[in-house]
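A single chain comes next, written as structure tokens; it is the form predicted alone.
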């Protein structure tokens, strides 16, 4: 469970679930996050989950650290439902136009592009968190034989929809942005939809994703 609960500035609570980064620990973070969000406790204004931490921001005019800490400590995690978690299929085109770092990974991992992609597409991935840029999902856990470090020099612009790998994680760039992850393809699917004000994120923490490879023609015709 939570290893430590402490102040973070004047109006936030920092919940530390430990140093390990794995599905078991992250599932606990997500359960606390969802329970707090669903119960809508007075004074809590924002919840920010990460791999193994949860930040709870609160309104100082309504509540305080001691009260929020008590709320967290009294949560019965056993009663938290996970029925809202989804399984989602994400199409990816790995044509050379989109697979910007596949050749680099071949050299780094000592594997062919075919072997890398076959391994990548062979399993499901668990969404640990969203963030960095709006709606960007972070997935774990890549097979050990696919794990590589970030680019030595990050790109100034990574195209929207790019799928990146680094260390044990995978992500999807929801907007064009700087980034140093190894890009293996691109999805035509809209992962973050600003027109959907109630639920802009297609993928949320706790969801499971399976990637499906599509060809360049399917990619170009996807949204028609």
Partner chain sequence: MSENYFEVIRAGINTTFQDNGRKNLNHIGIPASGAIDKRNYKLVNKILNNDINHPALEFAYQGPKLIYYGEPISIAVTGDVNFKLIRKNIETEGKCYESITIENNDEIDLISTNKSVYGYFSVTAKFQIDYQWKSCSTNTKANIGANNGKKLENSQKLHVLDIKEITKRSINYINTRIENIRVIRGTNFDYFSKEAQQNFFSEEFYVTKLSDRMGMRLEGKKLENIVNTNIKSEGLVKGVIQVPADGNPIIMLSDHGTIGGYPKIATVISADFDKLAQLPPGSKIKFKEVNLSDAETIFKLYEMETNTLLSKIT
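Residue numbers count along the first chain shown, from 1. The term rigid core refers to the most C-alpha atoms you can superpose between the two forms while keeping them within 1.5 Å. The shown structure was predicted, so the numbers you read here are calculated from the model rather than taken from an experiment.
Below, we turn to the form predicted together with its partner chain, even though it does not appear here.
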| item | value |
| --- | --- |
| Joint contact, 45, 61 and 201 to its partner chain in the model of the complex, by non-hydrogen atom at 4.5 Å | yes |
| Exercise: residue 27 in contact with its partner chain in the model of the complex, heavy atom 4.5 Å | no |
| Residue 131 within 4.5 Å of its partner chain in the model of the complex, heavy atoms | yes |
| Non-hydrogen atom contact residue 55 with its partner chain in the model of the complex at 4.5 angstroms | yes |
| In the model of the complex, residue 157 touching its partner chain (heavy atom, 4.5 Å) | no |
| Stretch 1-36 - residues with a heavy atom within 4.5 Å of its partner chain in the model of the complex | 6, 7, 8, 9, 10, 11, 12, 14, 21, 33 |
| CA of residue 36, rigid core aligned, shift of 2 Å or more between this form and the one not shown | yes |
| Core-superposed C-alpha of residue 13 shifting 2 Å or more between this form and the one not shown | yes |
